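One chain follows as structure tokens, the form predicted on its own.
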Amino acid sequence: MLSESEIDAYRTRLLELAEREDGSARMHTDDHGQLVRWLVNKGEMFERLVAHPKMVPFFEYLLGDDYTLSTLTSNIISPGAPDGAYHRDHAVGRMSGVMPFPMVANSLWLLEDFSPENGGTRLVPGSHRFSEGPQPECSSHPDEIRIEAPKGSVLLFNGAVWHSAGANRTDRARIALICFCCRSFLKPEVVARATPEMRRIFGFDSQPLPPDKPTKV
């Protein structure tokens, strides 16, 4: 999905942004993980991922053709990070019961080779059918798998699947871009710009309807 030059450009830019956070960064995993958020505000290079022609059909299949963008973020897992806690993505993380259809979907754009050694994402296959999400401190499951995939590829999954970053036992940060989308009735906050397709994905074409007005008889 991404060429070597694109991978290098995204990685370089994200490390620059992470360095600028100056103590206000969104840290996690014992301060060995860092989120660089709201990337649609931080350069047109990131917008190209949102409406990528190879990804749109997958999101449409999972979420309907009126799906919207929720967040475009990067997750940096630094050396020394332990296994993270399992979770479901917002907003299904706060819901009980089995979801009748996918409510949210996530795509991870790999800027490093993912492996069990460097913090590659962990998943519990079939967990989107569990009636409840994981407990807050749950960091292991007997059925978990650790993703192995080459950089430049994309991992796409139902956001109700239990998932987490793995432990990074290498000396290099593991970086991924996260494009997270939801059904149109799960409204994100968005910015106004770009093509008609981008405006649709950002949610401008799926605003709530106004109150009904009385009909004259």
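Please read all numbers here as calculations on a predicted model, not as lab measurements. For every residue, the number given is its place in the sequence shown, counted from 1.
The protein also exists as the form predicted together with a small molecule; that form is not presented, and the subsequent description refers to it.
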The listed residue (Asn158, Thr68, Ser164, Thr29) that reaches within 4.5 Å of the small molecule in the predicted complex by any heavy atom is Ser164
Interface check vs the small molecule in the predicted complex: of Leu62, Leu49, Ile178, Ala173, the one with a heavy atom inside 4.5 Å is Ile178
Using 4.5 Å between non-hydrogen atoms, is Glu112 touching the small molecule in the predicted complex?
no
- Query: Do Val124 and the small molecule share at least one heavy atom pair within 4.5 Å in the predicted complex?
  - Reply: no
**Request:** Indicate whether the small molecule has at least one heavy atom within 4.5 Å of a heavy atom of Glu144 in the predicted complex.
**Result:** no
Check whether Leu108 has any heavy atom within 4.5 Å of a heavy atom of the small molecule in the predicted complex, and answer yes or no.
yes
